[in-house]
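Before any questions on how it binds or moves, here is one chain, the form predicted alone, in structure tokens.
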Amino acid sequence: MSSAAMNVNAQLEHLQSKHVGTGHADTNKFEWAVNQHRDTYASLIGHNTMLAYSAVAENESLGRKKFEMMEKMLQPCGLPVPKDD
């Protein structure tokens, strides 16, 4: 393996250890989907204009919409799939 390829792998491992949502070799489909949903809700909550758009579209207050999105972040894809040992 060349030094450039090893450097890329080292950078990828560093990125994956630093940011949970980037995944790794053992990330399953469920974990990936949960990370995607949580990132989306966090982004919508963090950008006030998107939160306001969502609130207006559903005829809800900003506080209620923010609360609902934060609740959905707990288990955005339902219960985890049981693992086979």
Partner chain sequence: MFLYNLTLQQSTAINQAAIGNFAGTKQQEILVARNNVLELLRPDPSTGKVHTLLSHQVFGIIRSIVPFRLTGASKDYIVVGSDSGKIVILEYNPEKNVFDRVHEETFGKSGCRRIVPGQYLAADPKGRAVMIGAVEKQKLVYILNRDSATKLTISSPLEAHKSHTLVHDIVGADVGFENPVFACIEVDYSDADQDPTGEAFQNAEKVLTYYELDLGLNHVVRKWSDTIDTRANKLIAVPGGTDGPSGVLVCSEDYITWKHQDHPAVRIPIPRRPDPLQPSPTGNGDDVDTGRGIIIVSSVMHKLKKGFFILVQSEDGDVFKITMEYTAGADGTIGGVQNMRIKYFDTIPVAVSMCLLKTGFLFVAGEFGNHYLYQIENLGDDDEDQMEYQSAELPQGEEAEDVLVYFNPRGLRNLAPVDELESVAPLIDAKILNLAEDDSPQIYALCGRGSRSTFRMLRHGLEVSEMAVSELPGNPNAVWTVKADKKQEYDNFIIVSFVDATLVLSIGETVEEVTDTGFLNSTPTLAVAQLGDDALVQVYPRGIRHIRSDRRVSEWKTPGNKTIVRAACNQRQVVIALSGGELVYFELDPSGQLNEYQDRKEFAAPITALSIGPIPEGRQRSSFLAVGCEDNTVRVVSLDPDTCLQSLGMQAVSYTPVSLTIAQMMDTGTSVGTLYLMIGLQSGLLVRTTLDSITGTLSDTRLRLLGSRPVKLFNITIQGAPAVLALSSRPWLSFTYQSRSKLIPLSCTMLEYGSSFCSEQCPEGIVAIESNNLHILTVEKLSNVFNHSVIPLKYTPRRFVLHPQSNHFAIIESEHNTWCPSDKARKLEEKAKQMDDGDGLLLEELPPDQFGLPRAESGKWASCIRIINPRDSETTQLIELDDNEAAFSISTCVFNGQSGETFLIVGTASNVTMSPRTCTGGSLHTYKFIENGTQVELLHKTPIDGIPYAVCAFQGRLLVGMGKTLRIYDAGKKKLLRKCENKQFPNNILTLHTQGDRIVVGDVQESVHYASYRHFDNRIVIFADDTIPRWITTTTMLDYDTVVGGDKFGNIFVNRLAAETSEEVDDDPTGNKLVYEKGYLQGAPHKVEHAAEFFIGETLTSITKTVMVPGGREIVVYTTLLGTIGCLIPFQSKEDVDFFQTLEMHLRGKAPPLCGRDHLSYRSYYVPVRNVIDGDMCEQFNSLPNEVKRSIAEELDREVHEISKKLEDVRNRVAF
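Residue numbers count along the first chain shown, from 1. In this text, rigid core is short for the largest set of C-alphas that superpose within 1.5 Å between two forms. Quick caveat: nothing in here was measured; it's all calculated off a predicted structure.
A second form of this protein, the form predicted together with the partner chain, is not displayed here; the remarks below concern that form.
Contact between residue 6 and the partner chain in the model of the complex is not found at the 4.5 Å heavy atom cutoff.
In the model of the complex, no heavy atom of residue 13 sits within 4.5 Å of the partner chain. For the chain shown alone, residue 47 is a contact residue for the partner chain in the model of the complex, at least one non-hydrogen atom being within 4.5 angstroms. Contact annotation: residue 35 falls within 4.5 Å of the partner chain in the model of the complex, judged by heavy atom distances. Along 42 to 68, residues 42, 43, 45, 46, 47, 48, 49, 50, 52, 53, 55, 56, 57, 58, 59, 60, 61, 62, 63, 64, 66, 67, 68 each place a heavy atom within 4.5 Å of the partner chain in the model of the complex. When two forms of a protein are overlaid on their rigid core, residues whose CA moves 2 Å or more are considered shifted, and residue 64 is not one of them between this form and the one not shown.
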